[in-house]
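Next up: just one chain, as structure tokens, the form predicted on its own.
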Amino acid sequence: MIDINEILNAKDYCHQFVKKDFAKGETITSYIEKRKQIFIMLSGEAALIRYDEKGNKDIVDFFREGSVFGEAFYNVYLNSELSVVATKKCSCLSIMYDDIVRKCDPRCKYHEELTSTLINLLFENTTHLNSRIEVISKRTIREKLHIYLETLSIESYSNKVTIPFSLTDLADFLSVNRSAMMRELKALEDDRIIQKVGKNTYRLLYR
């Protein structure tokens, strides 16, 4: 994982990587043109939000420490508006895609280290994306909830999981109706598949 203090100390030696801070609710970037910009989340959280031509909102993905995102990874010609919005105060490292392979200075070892780290983060994010596809591909709300909670359990190595955002955002993330999702969560509890143990926290009883 990238050390933010190391970034600040090395900033004078690698001007191509720029640290930016964002307040909660602030737009980090909008995918409105092919700028080939890449961000690495250093701290905090953000959401990739899409509005279609009818104004309907979907949460396409959530980003946390170590996440990599940016226009370089999406088709900006889709008939919808994509924006990354900070859901908590956060810090990001930004760089243009073309600058990754263009070293800023022959003496700048930090650039090479960051590029290597970026490759590792991209691999981890691919694994995350595959999990996201697995969740969305399920046909029913119950199946989506079940596999999503299962994924959280596997990632945390625990049968006790906490949904890292509000239930309203979870419904947008799963692309389902919130009321219907709440009924399915209650049904999973009634069937003794999960047990609510705190706010947005559940224990998977079968693990």
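Numbering starts at 1 and runs along the sequence shown. Keep in mind the model is a prediction, meaning the values are calculated, not measured.
Although it is not shown, the form predicted in complex with the DNA is what the next lines describe.
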Q) Pick from 148-156, 38-46, 62-70, 172-180: which stretch has a heavy atom within 4.5 Å of the DNA in the predicted complex? A) 172-180
**Q.** Contact of K186 with the DNA in the predicted complex (heavy atom, 4.5 Å)
**A.** yes
**Q.** Interface membership of T201, the DNA in the predicted complex, 4.5 Å heavy atom rule
**A.** no
Q.
Whether K196 contacts the DNA in the predicted complex should be assessed with a 4.5 Å heavy atom distance threshold; does it?
A. yes
Q. Should I141 be classed as touching the DNA in the predicted complex when contacts are defined as heavy atoms within 4.5 Å?
A. yes
